[in-house]
Every structure is written in structure tokens, then in C-alpha cells.
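The chain below stands alone and is given as C-alpha cells, in the form predicted on its own.
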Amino acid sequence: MAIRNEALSCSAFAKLKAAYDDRKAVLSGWKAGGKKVVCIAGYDVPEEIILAADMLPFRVTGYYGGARKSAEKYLEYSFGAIWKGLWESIAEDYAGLMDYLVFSSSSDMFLKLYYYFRTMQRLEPERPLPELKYLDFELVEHVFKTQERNERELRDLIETVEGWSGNRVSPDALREAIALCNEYRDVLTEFSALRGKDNCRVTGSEALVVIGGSMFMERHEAIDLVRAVTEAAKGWKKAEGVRVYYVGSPQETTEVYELAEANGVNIVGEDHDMGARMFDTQVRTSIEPVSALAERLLNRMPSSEKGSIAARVKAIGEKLEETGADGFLTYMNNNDEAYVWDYPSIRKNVLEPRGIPSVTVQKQTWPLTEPETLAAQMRELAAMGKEAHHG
């Protein structure tokens, strides 16, 4: 199913969709308006620090406008679809629009891209690349020294953005930014409740548009629009399809979600950073702000790449209970197979005891080269999910 007319006719949803569909236009508009922007690659870069410096955070995603010629020229085979798209955006599509770019260690691929772009800056100094920063967080071990290390990285980021902006990041400014981002995560959580088991009013693709579109807006505007969509969506028709939880490669467009919906599957939650993972944990306001931001890094849902198997099993079990999913989908782009290493334990300890069927999709590309094969896998999951639900 495509995004429904009742969503498209909602003015707040339409504004979010415009930002989601043309992210470059948002960045261009901000730059043309004289705003200072820090581009972000990686979901663990704290926007609060950027906002506290009176700059705007802008999430860089992949290029989906056609052939990725630069990525094919410079990157080897091991880079999957998401990473080639990100390269193309930075190296070509957003060229001249980015002054600053911060990578984080939320994936080892971000480190590779950081080093590749540093090398390109040295070898091709005429190319209009941004000033680069890498945040080397520890995201696996949850011990006191990890907290200390991450606080050092955050304080280093503060010093960097102060230099970029010319503004001091005071504790009060940081607390104000934390409060704003907590409010933003609150409204997304309230919206996401409309994907719930007993009151599912939005489809997975509609949710991606609202969550993703809000990433490419100034936070006050995003909060207002998400609230407006939430109120409107309460009156939308119930979303159809077997309820499925998604784990795997980030989905930066609605293509796969819409294909799933056309074949009987409605994705009601996801473990990727263009969806529900983005707002899963708040920043504590009762402690020193840098410590609180570092604490959030470790309290977030563990990712397949940076979390232990035990932590992943526990977290996935909680998410399946929370979403009331009747099926489980693991979706992986080619050369993006981190999502299978914890799957045997998840299947044994979470899926089988609950009778939840699963399908694993591998070696996907962009554009999709075998959409009919993928559609058949979605239909298979929908059939198994229906049987499990009524069994």
C-alpha cells in the first residue's frame, strides 16, 4: 500500500513529507538564510551540544537521485548501499553546502568513511569538503571508565563547536537544549504509540515520514508538526497488515516499507536509526548535563554492531512485547551483515518461546534489483504471522 490519502491530506504530514523527500532543499535553505549548520553522520552525535552553540544539526543521509558515480569510483566492494549513498551525498550532492561534519563511532563504517574523506582532503585539496570531526565513543562496555571516556569525547566536541560557532556552550544553554530535545523525543514517543497493537492508526511508511521528516527541521517546528500529525492520526482508519518488527539496515526512504505494506506486512517498530531507535531514551535532567549526555549513550537500546548478545536478546524481547509484533524481519543490505550474529540467540530465547515467525532478507542493494523476490518473502512472512496470531 502507498502512503494513504488521509495522511497526505493532513497539512502537518505534508510539511514533514516535503522535508523528508527533499533534504537537500532543507540544508540549502538553512545555508541561504545565513544559519550555521553542523552536519551529522551517525546517530550518537548529541544534537544538544550543537543546539547549545546556537547552530543547527543536520542529519546527512544517502543520495537516492540516481547513479552513485563517485562512490563507485572511490569505494571498494565492501561498502554496502547505505555507505555508498552517504559517500555520494557528502562528496558530490551536498558539495559546498557543508562547512562542518561530525562522524560518530556508532558503526565502524563511519570510521572508515572519516579516514577516506581525510585522505581525499589531502589528495584533492580543491574539492569542497567540510571540516571533519570524529567522536570515538565507547558503546560496548558499560563501566565507569566508559562513562569517563565518553564525557571526555563530549567535552572535546563542545570545545570544537565553540570554535566553529564563536559561542560558548554554557551549562545553562546545554540544559535548555537537553529540555528541548527531550520534548522532541516525547512527542515522537506519543506519535509512535499510534502504531500500537490496540490502536494502530499509522502505517510503517507513514511513521518513517513523520520520524524522518522531523529530523530535517528545526526542533521547535518539528515538535509542533509531530503534535499536529498525532492529533490528526487519531482519527485515521486502522492500519492493516500483519504486525512485524524490523531489525537491520537503516531505511532512509519508504521504498521497502511500502513494498512490505503492499504484500500484507505492516512494520510497527524498528531497530534502526531512521525510525524508533532515534528517540528511545531521554537525557536525565537531574545531573550535570555532560554526564547526562554520556549516560544516554550507554542507556540506549544496544545495536547489533555495538551491543552484547545478552543485551540484544533482552532488548529485542522488550521491544516485541511493547509493539505486539506477530512477525520478525531481519533485512540486510549487501556487505551489511552485522545483524545476523545475534539472531540465533534471539530466535532461541525470544522468537521461538513466543511463537513469532521470522524471515531473513540478505544481500539487498539500492535500487532494489529483485523486488519481486523481496515481495514474495514479505507475503511469506505475512502468511506465517497470520497463522501465528490465530494459532
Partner chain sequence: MAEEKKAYETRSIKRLEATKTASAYQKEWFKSLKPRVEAGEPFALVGADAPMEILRAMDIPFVVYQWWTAICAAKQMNTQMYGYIRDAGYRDDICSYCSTAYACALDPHPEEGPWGGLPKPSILITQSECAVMGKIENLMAEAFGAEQYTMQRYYEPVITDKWWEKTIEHWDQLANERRRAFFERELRDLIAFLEQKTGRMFDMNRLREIMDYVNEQDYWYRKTRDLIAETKPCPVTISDTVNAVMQAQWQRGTKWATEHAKSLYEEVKFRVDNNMPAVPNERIRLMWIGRGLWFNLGFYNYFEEKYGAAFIWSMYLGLAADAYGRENYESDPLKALGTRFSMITDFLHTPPFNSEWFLKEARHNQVDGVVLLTSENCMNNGDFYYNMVKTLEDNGFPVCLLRADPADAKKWNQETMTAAVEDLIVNRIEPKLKK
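Residue numbers count along the first chain shown, from 1. As the structure is a prediction and not an experimental result, all values here were calculated from the model.
Here the subject shifts to the form predicted together with the partner chain, a form of this protein not shown in this document.
This chain lacks the partner; the member of T285, S170, S308, N199 within 4.5 angstroms of the partner chain in the predicted bound form by a non-hydrogen atom is S308.
Though the partner chain is absent from this view, in the predicted bound form it lies within 4.5 Å of a heavy atom of just one residue from K238, K234, H220, R152, which is R152. Look at 222 to 230, 108 to 116, 243 to 251, 187 to 195: in the predicted bound form, residues with non-hydrogen atoms within 4.5 angstroms of the partner chain sit in 108 to 116. No residue in the set D21, D273 and L297 has a non-hydrogen atom no more than 4.5 Å from the partner chain in the predicted bound form. Proximity of K69 to the partner chain in the predicted bound form: non-hydrogen atoms within 4.5 Å are absent; the residue sits far from the partner.
When the partner chain is considered in the predicted bound form, D342 lines it closely, a heavy atom lying within 4.5 Å. Proximity of E337 to the partner chain in the predicted bound form: non-hydrogen atoms within 4.5 Å are present. Proximity of K319 to the partner chain in the predicted bound form: non-hydrogen atoms within 4.5 Å are absent; the residue sits far from the partner. Contacts to the partner chain in the predicted bound form (heavy atom within 4.5 Å) from stretch 68 to 88: K73, Y74, E76, Y77, S78, W87.
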